[in-house]
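Listed next as structure tokens is one chain, alone, in the form predicted on its own.
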């Protein structure tokens, strides 16, 4: 395992923080100061941070049914955040949401302390699917569905092809693999329609299923990706 990955797993900080700590000579491996976070380490190696032992944290995963009215952030001075939906026992200081949902969007939101999974599920090259139930102000035409499936253009960006399942004349299930700012709303706007209601139904392999509004449930890594 790379030293960098081990230090991330121990919760020392982000990769940027870890690079700085190593650069400053704060990490020793078997009594020797190291200055390269990319070196490989073995299970039996003794790694110390400023003279103290480090312990790999236990990686955990939770699914939350986010309700409307909360922003996806761990802290905000002016607006209610998803932290207010989390139970008192939840270790808020160690966990973070993967990706985001708009304030007025509800549905599936994943919390974890696994930085690698966060990268894997949010990087565009991973092409992790997200499915949304989209209720519209106006009826959707077959040609509009075709446009979404081919990839519409929003603000000069050509979206990757989407999957569309028609629920009724004013509702669709829209599956995308990108996560641009307000992407679903902007995609719908590009076909001269408007989102009335938006709910994320799936993220990766995980489904909202029978989660109740505001409910948090622990899940397994294999449930997600």
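Quantities reported herein were computed from a predicted structural model and do not represent experimental measurements. Residue numbers count along the first chain shown, from 1.
Although it is not shown, the form predicted in complex with ligand URA is what the next lines describe.
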| item | value |
| --- | --- |
| Listed residue (41, 64, 34, 198) with a non-hydrogen atom within 4.5 angstroms of ligand URA in the predicted complex | 198 |
| Listed range touching ligand URA, judged in the predicted complex by heavy atoms within 4.5 Å, from 42-50, 157-165, 176-184, 22-30 | 176-184 |
| is_contact(residue 105, ligand URA) in the predicted complex, heavy atom dist at most 4.5 Å | yes |
| 4.5 angstroms heavy atom contact with ligand URA in the predicted complex for residue 132 | yes |
| Proximity of residue 101 to ligand URA in the predicted complex, heavy atoms at 4.5 Å | yes |
